[in-house]
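Coming up is one lone chain in structure tokens, specifically the form predicted alone.
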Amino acid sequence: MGLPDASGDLSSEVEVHAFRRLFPLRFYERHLSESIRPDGRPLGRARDTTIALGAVASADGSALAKIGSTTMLAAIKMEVMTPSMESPDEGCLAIDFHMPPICSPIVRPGRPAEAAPVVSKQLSDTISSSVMADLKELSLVSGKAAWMAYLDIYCLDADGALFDAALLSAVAALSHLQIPAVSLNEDGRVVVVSEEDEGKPEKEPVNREKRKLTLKSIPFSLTCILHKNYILADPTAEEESIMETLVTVVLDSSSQLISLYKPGGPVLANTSAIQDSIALTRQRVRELQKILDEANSGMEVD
């Protein structure tokens, strides 16, 4: 008696899967009419999010951030450079975003992903306009030496909301960053102090010990899909491919608007939709700030 029931359940699952593949938009709209998504989330809820600090032991700062299946690895490497004449008392932060072929079937070996330079530019603009880090803290000797921080972000799994996960991993890596100790050697050049050399007398110490970078106005973002009268927070890659109108809101930790990005799409972003998206982002900022604080607290305990 159990066999026909099992066969009927299997047949039903096959029909649902076939309908989803053949008519994806109609499949989603059936769920949206009931204010639910196929993965069981309410329309305004983001996916489960985690942050693991110190994911790359050889980096000066690193973090692994996951939003649902979307996974980003951020790592920072510090190098001493000569500052520019325009900014003799400031260091530099260079940001690069990478999408290797392993992250998505649409990324082909030997061909750069179209989204990579777009996300990279968004990250640079966002971190720069948020003024989350004072570049003067990266200065070592005015006009002679400063830190160049290379922040590389690697997408390990691209399942939607790439910018949100990339920004979260970048912020987390900067919060984990340990600026190396440096000193002036006999030739008057800035050199990094190794762990073996710490505690030994130097000619002229610049940074006696490793230190953290002071962060303020930390930016967090939320990408939403606008479809008819619906707003879907934190879309998956499938949702992004079916409902193409996206809007990304970036707020800082005090809920001040940093940027709003809408890369085209058939749906117009009216005032009501923008206000609702910002309200969802405010709630998301509180969630992400708590997750980041817990990650940093865990590192302090360790």
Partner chain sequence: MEIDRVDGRTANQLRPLACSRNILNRAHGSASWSQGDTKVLAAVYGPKAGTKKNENPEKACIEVIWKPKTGQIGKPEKEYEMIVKRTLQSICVLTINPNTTTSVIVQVVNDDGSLLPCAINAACAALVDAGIPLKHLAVAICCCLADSGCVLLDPTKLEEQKTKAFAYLVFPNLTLSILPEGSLKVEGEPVEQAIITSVTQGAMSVDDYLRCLERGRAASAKMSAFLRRSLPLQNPSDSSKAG
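Numbering follows the first chain given and starts at 1. All values derive from a computational prediction rather than experimental measurement.
Beyond what is shown, the protein has a form predicted together with the partner chain; the following relates to that form.
Next item on the list: Consider Gly264 of the chain shown here, and say whether it contacts the partner chain in the model of the complex, taking contact as heavy atoms within 4.5 Å.
Entry: Yes - in the model of the complex, heavy atoms of Gly264 and the partner chain come within 4.5 Å of each other.
Notebook entry, point to check: Using heavy atoms and a 4.5 Å limit, would one call Ile36 a contact residue for the partner chain in the model of the complex?
Noted result: Judged by the heavy-atom cut-off of 4.5 Å, Ile36 is well away from the partner chain in the model of the complex.
Margin query: Residue-level question: is Thr71 within 4.5 Å of the partner chain in the model of the complex, judged on heavy atoms?
Written below: No, Thr71 sits far enough from the partner chain in the model of the complex that none of its heavy atoms falls within 4.5 Å.
Check: Does Lys136 reach the partner chain in the model of the complex, with heavy atoms at most 4.5 Å apart?
Finding: Lys136 lies outside the contact set for the partner chain.
Notebook entry, point to check: At 4.5 angstroms, heavy atoms only, are Ser12, Ala18 and Leu156 all close to the partner chain in the model of the complex?
Noted result: Heavy-atom distance to the partner chain in the model of the complex: none of the three under 4.5 Å.
Check: Heavy atoms within 4.5 Å of the partner chain in the model of the complex: which stretch among 90-98, 173-181, 138-146, 160-168?
Finding: Flagged stretch: 90-98.
Margin query: Considering non-hydrogen atoms and a 4.5 Å limit, which listed residue (Met81, Val191, Val118, Ile231) is close to the partner chain in the model of the complex?
Written below: Flagged contact: Val118.
Notebook entry, point to check: From first to last in sequence, which residues of 268-290 have any non-hydrogen atom within 4.5 angstroms of the partner chain in the model of the complex?
Noted result: Heavy-atom contacts within 4.5 Å come from Leu268, Ala269, Asn270, Thr271, Ser272, Ile274, Gln275, Ile278, Arg282.
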